[in-house]
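Before any questions on binding or motion, here is one chain by itself as structure tokens, the form predicted on its own.
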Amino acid sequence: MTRSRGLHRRALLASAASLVALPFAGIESLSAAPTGAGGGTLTYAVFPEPTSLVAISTSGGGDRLVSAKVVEGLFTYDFELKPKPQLALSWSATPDGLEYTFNLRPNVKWHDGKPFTSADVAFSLLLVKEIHPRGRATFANVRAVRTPDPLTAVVVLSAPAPYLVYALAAGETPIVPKHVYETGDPRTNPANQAPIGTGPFVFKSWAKGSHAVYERNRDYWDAGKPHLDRLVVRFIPDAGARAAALESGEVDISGGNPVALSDLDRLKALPNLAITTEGNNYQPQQVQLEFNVANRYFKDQRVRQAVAHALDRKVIVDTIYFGYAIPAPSPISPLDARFFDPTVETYPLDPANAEALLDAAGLPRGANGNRFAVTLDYNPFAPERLQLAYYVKQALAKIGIDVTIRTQDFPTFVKRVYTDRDFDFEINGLSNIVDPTVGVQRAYWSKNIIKGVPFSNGSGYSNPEVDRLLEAAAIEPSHEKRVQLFNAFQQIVAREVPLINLVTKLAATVYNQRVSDHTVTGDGLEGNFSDVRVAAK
């Protein structure tokens, strides 16, 4: 880890720890990894298995983890989320924010030998706008892409979109070859199963249900890279099997919490393995307690604040996430140093204040000690959310709120919350996704109360001033003014608490000590692996 990256990491953890005193000794840095001599094969475990090896029409986690090894983006992003050159060397914007000019890297070839040009960029950006699940919103303001010469692409907007420049990583906005994708349905193009890209690895084979094989691109534009000769991607659906494969050395690396959280410390203690939580910055995931603000109890802001004062983030970090999370009291994660406001209300554990707020709301304890009863739902996608639900139940019982936990499968949960709105409050996770306009606004903007659309404004929260701030930030070209707008937004929603933001998960990467330079950008293992080295056994 470089000194600047180490300082940045320590600053983030110090900021989070200032909200709740919390030890982070269990989180390893990349400095423990040795520098390898180059060459060799890296075996990389991915789950779930991708549906496509190119993330052009999907935002699936497995798809994103493999796509960038072959198909690249215009930029990568450092740990402060500043753009770094990949297929674009530089960019500029007009003062009104209505045109972005990208200067492209020369002498880049697709794996089939054809030259990479601005025509590929124009085609890809418009294709992502048309068929990518998030691209429809992210690129909604894109009116045209001009190509004045083979190495210049000019994106023309109908309205400013300052968040756009942060959405150009390979996993989010892959640049695909126009000559391969311009005929037929791009969603079913054979290249999705056998990709052709500009990246450091050339696709060789995919044995579905087992593994995919990639080999070194000997004509890669970044001379001397990649360092690996071969990349083998193993698809291992079971967490226990992944743990065994990492422990035995059968697998060299896997990320996104590849094993049970309770198993991480055991693996970290083994002499051949190490763990890092770097690479969470590009899409940090917030764990949230979301209220239905139409509920007879939770429509009162004082009741929501009382619930916030009944919960202890330190307990959640230590006992639910085994230290692999940081306190996150704002909709914008502390890992996004660009826009996180550290002055927001944190609602520290204060049962006496919680009781006073409930009394003031006209909800006294009854003869049985309870004030009222509600049902708590949780998104079952992540197993630790059931344990979090039991903690919430226990904590709220202490202030007289009787909680019944309701368990259901994922489709039922999504329908209940986003279609039927038949819930009192629920536990969910929502990724920030590259920029607050893309990842945060959806949960607080009143125009995003859309029946049947998952991971939108599930609470039904509506505040005209919040709408104004979010809409202004979405089109404000000045970064400094966007910071001011997002800070004002964070202050309001922290006070009104339609959602209680609890923690940001720190997805762990488990890797063999022989592996180095695997997490060098803000998107972690979603990067292209051109820097990865594996030392000889």
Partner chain sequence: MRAILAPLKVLAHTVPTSVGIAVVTFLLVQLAPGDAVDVFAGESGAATAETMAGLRRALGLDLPLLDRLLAHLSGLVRFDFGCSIRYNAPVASLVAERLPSTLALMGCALALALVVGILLGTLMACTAGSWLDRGLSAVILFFYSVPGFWIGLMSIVFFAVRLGVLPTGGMETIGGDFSGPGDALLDRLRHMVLPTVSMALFFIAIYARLMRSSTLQVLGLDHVRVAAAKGLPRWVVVRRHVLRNALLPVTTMAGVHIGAMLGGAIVIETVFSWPGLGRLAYEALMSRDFKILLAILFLSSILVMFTNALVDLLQLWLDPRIRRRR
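A quick note: this is a predicted structure, and the numbers were derived from the prediction, not measured. Positions refer to the first chain, counted from 1.
We do not show the form predicted in complex with the partner chain, though everything after this point is about it.
Undergrad: Hey, of 468 to 476, 47 to 55, 491 to 499, 505 to 513, which bit sits against the partner chain in the predicted complex at 4.5 Å between non-hydrogen atoms?
TA: Comparing against the partner chain in the predicted complex, the contact stretch is 47 to 55.
Undergrad: Could you spot which one of 449, 213, 194, 397 gets a heavy atom to within 4.5 Å of the partner chain in the predicted complex?
TA: Residue within 4.5 Å of the partner: 213.
Undergrad: Within 4.5 Å, heavy atoms only, which of 315, 89, 126, 453 is in contact with the partner chain in the predicted complex?
TA: Partner contact (heavy atom, 4.5 Å) among the options: 453.
Undergrad: Can you work out whether residue 390 and the partner chain are in contact in the predicted complex, taking contact to mean some heavy atom pair no more than 4.5 Å apart?
TA: Outside the cut-off, so no.
Undergrad: Mark residue 412 yes when one of its heavy atoms lies within 4.5 Å of a heavy atom of the partner chain in the predicted complex, and no otherwise.
TA: Yes.
Undergrad: Is residue 113 a contact residue for the partner chain in the predicted complex, using a 4.5 Å heavy atom cut-off?
TA: Residue-level check for residue 113: no, no contact with the partner chain.
Undergrad: Decide whether residue 247 counts as a contact residue for the partner chain in the predicted complex under a heavy atom distance cut-off of 4.5 Å.
TA: Yes, contact at 4.5 Å.
Undergrad: Note that the partner chain is not shown here; using its position in the predicted complex, name the residues of 232 to 268 with a heavy atom within 4.5 Å of it, in sequence order.
TA: Heavy-atom contacts to the partner chain in the predicted complex: 232, 234, 235, 236, 237, 238, 240, 241, 244, 245, 247, 248, 250.
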